[in-house]
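Quick setup: one chain, the form predicted on its own, written in structure tokens, and binding and motion questions come after.
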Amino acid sequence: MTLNGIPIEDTFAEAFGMKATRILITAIDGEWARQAGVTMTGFATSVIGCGVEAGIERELAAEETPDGRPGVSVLLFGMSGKDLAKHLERRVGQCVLTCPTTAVFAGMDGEERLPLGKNLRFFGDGWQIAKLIGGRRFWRVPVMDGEFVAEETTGRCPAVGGGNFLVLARSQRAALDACQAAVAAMRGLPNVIMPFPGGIVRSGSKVGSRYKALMASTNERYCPTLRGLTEPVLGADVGCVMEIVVNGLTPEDTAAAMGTGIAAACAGGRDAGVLGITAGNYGGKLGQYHFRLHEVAA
């Protein structure tokens, strides 16, 4: 299979089940809402070292939010509901409660709930008050610029983490340009995030290591500087490999994002320096979701 003359390897991306939630952050203007979202989702690239994976899903117009102010939608993914609850509370408390003019609201419904303002209200030291509107409970916590409004809980749902594809290119510039185009296209879709810096990973990993303390280590087969010393998978003209990892609320969301990203990465053809598309998998042993590139890119 090829797209614009670029071969798509007949392989699959291996992804795994996670838990996810969405919150809505609003502020006096879009700049401050985004500042809170960026701060809250910092250091949230991989559960291996960060506890959760998070990102801004999209920006919200005033008419889309509960309090009629501009905002951002943020998705967080964890390996368990317990982990997700712990990191959600920490990040909202340290990065949204502290940010000027912000408020935070549930971004999804569902019977499974996570604390949002439920525990953060105690920062009010007894001065906080509750308000029940349409069956939803909100907490008003006094702070020095007025009050911090936080909905009591937000929903939680099953999700998919670790969908991915790798871009093989002649140079760093070619790989980066293709990946940036892919991420830009994928960010136009709902229910997904690309949690790594700018949505792109240069340190693609494999499961395990020769060092017992490490859960993951460099994927040496795709390191151009090790060509000739490892299993030969890279052609002589491949000078750079970059990876895009995508998390989605459903398998369908993840597959749609992968297909959109692959199409965007290949749009320039081989003349743009992209030489191939493949994916990271571990023989089917890591995750229960297998996204076959020939299916998602069709």
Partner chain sequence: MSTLTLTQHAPTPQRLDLSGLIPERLAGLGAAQIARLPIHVGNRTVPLGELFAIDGSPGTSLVVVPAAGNLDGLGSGMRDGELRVEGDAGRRAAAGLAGGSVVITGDVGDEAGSGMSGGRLTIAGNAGARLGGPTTGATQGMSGGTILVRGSAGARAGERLRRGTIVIAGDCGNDAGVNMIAGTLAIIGTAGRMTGSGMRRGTILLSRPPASLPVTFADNGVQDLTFMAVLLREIATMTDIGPWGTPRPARRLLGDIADGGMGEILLPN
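The shown structure was predicted, so the numbers you read here are calculated from the model rather than taken from an experiment. Residue numbers count along the first chain shown, from 1.
FYI, the form predicted in complex with its partner chain isn't displayed, but the following is about it.
*Asks:* Can you work out whether its partner chain is within 4.5 angstroms of a heavy atom in all three of Gly134, Arg140 and Val149 in the predicted bound form?
*Replies:* Yes.
*Asks:* If we take heavy atoms and a 4.5 Å cut-off, which stretch out of 79 to 87, 99 to 107, 211 to 219, 171 to 179 is in contact with its partner chain in the predicted bound form?
*Replies:* Of the stretches listed, the one contacting the partner is 99 to 107.
*Asks:* Using heavy atoms and a 4.5 Å limit, would one call Thr65 a contact residue for its partner chain in the predicted bound form?
*Replies:* Close contact exists here: in the predicted bound form, Thr65 approaches its partner chain to within 4.5 Å, heavy atoms only.
*Asks:* Indicate whether its partner chain has at least one heavy atom within 4.5 Å of a heavy atom of Ile129 in the predicted bound form.
*Replies:* Yes, Ile129 is a contact residue.
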